[in-house]
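This document opens with one chain alone, in structure tokens, the form predicted alone.
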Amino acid sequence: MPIQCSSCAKNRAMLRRPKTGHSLCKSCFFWAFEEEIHQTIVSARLFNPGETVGIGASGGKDSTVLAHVLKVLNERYDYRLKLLLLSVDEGITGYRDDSLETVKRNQQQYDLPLTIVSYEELYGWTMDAIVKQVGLKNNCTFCGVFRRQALDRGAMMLNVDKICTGHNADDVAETVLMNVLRGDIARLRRCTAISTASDGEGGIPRCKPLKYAYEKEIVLYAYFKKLDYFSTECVYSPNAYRGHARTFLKDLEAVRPSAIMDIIHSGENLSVKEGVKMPVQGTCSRCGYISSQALCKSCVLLVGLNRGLPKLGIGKHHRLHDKILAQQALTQQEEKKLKAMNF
């Protein structure tokens, strides 16, 4: 016997929602998925009428669904937002160049302006060139730091009021787990925030409209809507630390589907006892970007690359920041330590 939709009780159910377990037809699923994102936007007051919002577009399922849903909701509920697509070209042959073609098609499909900024024009390096120097072990550190700053720089060029990213519930839960495993209390406190203040993100607030959307439901939405997205994994990501947290989370989800939301709520309700020293946010002495040290992570990584010392930005080398700022030469022992790579 075909199962009827548990919402409308008229149409045949086409899927079982991973998030709630409800059996729904396509139309009811689309409406429920979109309405939940709308409620997230409204309850968190993510936008104000008339704002210009940059959507971080990678061509993947999350950013493609985000762009589609924001356009739909903007028209349905008259948010009165000016939506833009903003992409970052990391310079990864056979991956990013292909995914950017998907973004360009999305631009035409959604009729939204598109701007692309690249690592090469911003930093003088592509990820392919960086990997040749640093190897595969720590390359995701470089990419993550540079991409975050590149998105901010592109948003500043476009004079947007806010940046939207496609981080979903799975991403947030993974980040909570990673910060617990690293013992990074500072990041653990802020990683579940749905919106970040402008003074903490280089001048432009960021928000995550898909924060409570399960990855499986995003895939289902994209599949049934026949959205055009790029699904190939980055050629350098299999060695990423996040992959271990993702595998663990998927195992938890298989046993208890609510584990994803439970982890997010745990992170949201985290309290830190009095007396715990937290980093103080300031600005980088070199580029002016947000930083809790004399130099921001991006500048330290760039100095290391340009000096042939790729390990300078890997680990804690804060005591060397004053030398870097003063353009002093490092000792032979320091250089030897920063050149040593374990590929």
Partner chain sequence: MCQVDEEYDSVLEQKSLPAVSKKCMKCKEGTAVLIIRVGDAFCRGCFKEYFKHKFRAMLGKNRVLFPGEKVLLAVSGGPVSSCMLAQVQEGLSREAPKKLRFMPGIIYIDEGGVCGQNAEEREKAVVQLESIFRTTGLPYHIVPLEQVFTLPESVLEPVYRREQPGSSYKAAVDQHIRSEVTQGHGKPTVEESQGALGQLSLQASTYKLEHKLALEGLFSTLKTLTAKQDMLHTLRQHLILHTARINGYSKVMFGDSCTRLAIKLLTNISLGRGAALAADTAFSDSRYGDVVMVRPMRDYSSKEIGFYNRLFEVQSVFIPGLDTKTADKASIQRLTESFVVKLQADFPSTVSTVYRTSEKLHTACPPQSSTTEPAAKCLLCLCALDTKADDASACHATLMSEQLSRGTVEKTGRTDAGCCQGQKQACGDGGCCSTSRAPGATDLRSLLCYSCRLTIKDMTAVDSLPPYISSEAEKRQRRAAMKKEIGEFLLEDGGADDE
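All of these numbers come straight from a predicted model, not from anything done at the bench. Positions refer to the first chain, counted from 1.
This next part talks about the form predicted in complex with the partner chain, which is not shown.
- With a 4.5 Å cutoff on heavy atoms, residue 290 does not count as touching the partner chain in the predicted complex; it lies far away.
- The partner chain in the predicted complex is not approached by residue 294, whose heavy atoms all lie more than 4.5 angstroms from it.
- When contacts are judged by a 4.5 Å heavy atom cut-off, residue 252 counts as touching the partner chain in the predicted complex.
- Contact annotation for residue 280: none of its heavy atoms lies within 4.5 Å of the partner chain in the predicted complex.
- Contact with the partner chain in the predicted complex, defined as a heavy atom within 4.5 Å, holds for exactly one of 188, 85, 207, 81, namely 188.
- For the residues 109, 133, 115, 258, the 4.5 Å heavy atom test against the partner chain in the predicted complex is passed only by 258.
- Contact check for 69, 122 and 303: none of the three has a heavy atom within 4.5 Å of the partner chain in the predicted complex.
- Judged by heavy atoms within 4.5 Å of the partner chain in the predicted complex, the contact stretch among the candidates 240-248, 90-98, 159-167, 227-235 is 240-248.
- Taking a 4.5 Å heavy atom cutoff to the partner chain in the predicted complex, the contacting residues in 14-42 are 17, 19, 20, 22, 24, 31, 32, 35, 36, 39.
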